[in-house]
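Just one chain is shown here, as structure tokens, and it is the form predicted on its own.
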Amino acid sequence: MIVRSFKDIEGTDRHIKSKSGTWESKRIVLAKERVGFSVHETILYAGTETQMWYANHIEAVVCTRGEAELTDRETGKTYTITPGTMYLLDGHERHTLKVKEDFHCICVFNPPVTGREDHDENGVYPLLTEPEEV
């Protein structure tokens, strides 16, 4: 059994700040826990716009605070995301999140992330893995 809080991981190597400066993420469950998914608390900052494309992952996002406009870049459809709203990127959709008010969310990734990922020039997280235990 693992018990930890987001507060416990503030300032550790599980607390990631993006190179772009548009978000930070506290990664409470990672690939090294070997449970088949990862869980993060992410904050995207008001006034920012982040283009993403999880070509290697499926992501579910639940907004807990704030507001953002989510655009599916493949269809052009736009959604307003507010607390209590979930979106699931089950088709590896290229998407843009335009943040109106600091956007706090809980994210689940499959396959799990290692904690070392950041978006590349295409908005993609690389598919990183942990070494097999011997």
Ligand SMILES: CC(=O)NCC[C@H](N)C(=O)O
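Owing to the predicted nature of the structure, the values given are computational and were not obtained by experimental measurement. Note that residue numbering begins at 1 and tracks the sequence as displayed.
Note that the form predicted in complex with this ligand isn't included here; everything after this is about it.
Student: So in the predicted complex, are F6, V29 and T114 all sitting within 4.5 Å of this ligand, heavy atoms only?
Tutor: Verified in the predicted complex; spot residues all out of contact, no.
Student: Does at least one non-hydrogen atom of L97 fall within 4.5 angstroms of this ligand in the predicted complex?
Tutor: Yes, contact at 4.5 Å.
Student: Contact with this ligand in the predicted complex for C107, defined as at least one heavy atom pair within 4.5 Å: yes or no?
Tutor: Residue-level check for C107: yes, a contact with this ligand.
Student: Y45: heavy atom within 4.5 Å of this ligand in the predicted complex?
Tutor: Judged by the heavy-atom cut-off of 4.5 Å, Y45 is well away from this ligand in the predicted complex.
Student: Consider I58 of the chain shown here, and say whether it contacts this ligand in the predicted complex, taking contact as heavy atoms within 4.5 Å.
Tutor: Taking the distances in the predicted complex, the answer for I58 is no, it never comes within 4.5 Å of this ligand.
Student: Using the arrangement in the predicted complex, list in sequence order the residues of 14-53 with any heavy atom within 4.5 angstroms of this ligand.
Tutor: Going through 14-53 in order - heavy atoms within 4.5 Å of this ligand in the predicted complex - the hits are W23, S25, R27, H40, T42, L44, M52.
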